[in-house]
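This document starts with one chain, in the form predicted alone, laid out as structure tokens.
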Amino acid sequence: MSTFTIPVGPLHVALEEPMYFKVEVEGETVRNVEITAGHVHRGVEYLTTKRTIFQNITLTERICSLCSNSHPEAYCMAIEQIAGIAVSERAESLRVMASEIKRIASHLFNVAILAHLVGFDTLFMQVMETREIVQDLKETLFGNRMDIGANCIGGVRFDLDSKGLSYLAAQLLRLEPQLDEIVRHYRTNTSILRRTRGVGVLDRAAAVDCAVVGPVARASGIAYDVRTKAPYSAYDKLDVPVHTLEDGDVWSRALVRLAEAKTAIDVLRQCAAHLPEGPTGPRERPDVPAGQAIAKCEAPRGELIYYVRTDGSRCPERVKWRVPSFMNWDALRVMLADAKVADISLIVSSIDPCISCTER
């Protein structure tokens, strides 16, 4: 049987952002994949050297919408290392809370897109409606539904009083049973299982070879999570289980994300129950001397690493980041091998790719 080439992208209904896949197929079976990036390069790394150290907090938050809190968090941690700034225990706990709220919203969005690609639009709308609980929570606590502006160098820009904590608790009580119902659908619904079980398999050995991170790695049996392997903020004081599955297919990646969303609810309750007293940030804008540092955090998509070098001036000399999608999209060649054409969009979506922050 002869092979032919199918172009997928750079604009495609299954892709949130522009990316081009040249897919060679034999009949309905994928034989080879070439990935071509570079369609949304914005030069943000260069722009960071033209903005002041403090302006870059706002700039890095706009690198990616779903991981928008993780970028300034890692950036601030690197600057704090260079300047020797100690963050208060209260600010560290509040940083964790902002991160976990964003994690729930990000995971639910990806799981909803999976339902849409399967053709189960009723479930898609149910998951997105549940996600609105988290979106309302972000808007109430931070004043925005996406870029929440939570971080500053030396702490956070928000605080939670008793009223805010009560609202958080009430929203989590609304969210939890709805999330349990969504998990039940993904575990038992035949439409979901038929399209996702055994599809886009990345076994543990291939996952190690590709050095994947985040839910993609954990769905292939790799128990790596920055929150437990290299704890930052208040994670060393919290119980954060690492959820893994062994099958490494589309279904496993979705179930890991749903399990992590449920864990995020528990982490938020731990933080709220033991929120330390103290300041949330520095009283004055700190001076940042010359130096360099590396910081990393567990973004919703996986390990996010920041390198920052300063020379004592108002602007950083170099800012560089390595995002989870950069590590994960190379594994698509393995996942798509011998897959059916109809499953291409499902498999690509299952790594939750963020093209903008990868091409930076």
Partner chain sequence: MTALPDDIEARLRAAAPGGIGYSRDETAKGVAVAWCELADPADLEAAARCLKDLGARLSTITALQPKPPEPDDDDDAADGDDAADAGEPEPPRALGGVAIDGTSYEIAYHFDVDGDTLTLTVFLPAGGGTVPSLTPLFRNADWSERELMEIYAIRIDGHPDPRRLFLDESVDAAVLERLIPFSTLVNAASTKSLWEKILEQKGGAS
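None of these values were measured; they are calculated from a predicted model. Residue numbers count along the first chain shown, from 1.
What comes next is about the form predicted together with the partner chain, which is not displayed.
For the options V201, V183, A272, A211, the one in contact with the partner chain in the model of the complex, meaning a heavy atom within 4.5 Å, is A211. Scanning L66, V30, C297, M327 against the partner chain in the model of the complex with a 4.5 Å heavy atom cut-off leaves one residue, M327.
Although the partner chain is omitted here, in the model of the complex all of Q292, I305 and R309 have a heavy atom within 4.5 Å of it. In the model of the complex, the partner chain stays beyond 4.5 Å of every heavy atom belonging to Y167. Proximity of R322 to the partner chain in the model of the complex falls within the 4.5 Å heavy atom cutoff. For K262, no non-hydrogen atom is located within 4.5 Å of the partner chain in the model of the complex, even though that partner is not displayed. Looking at S233, you'd find a heavy atom of it within 4.5 angstroms of the partner chain in the model of the complex. The partner is not drawn, yet in the model of the complex one stretch among 203-211, 169-177, 109-117, 94-102 has residues with heavy atoms inside 4.5 Å of the partner chain: 203-211. Of the residues in 340-360, those that come within 4.5 Å of the partner chain in the model of the complex through at least one heavy atom are, in sequence order, T358, E359, R360.
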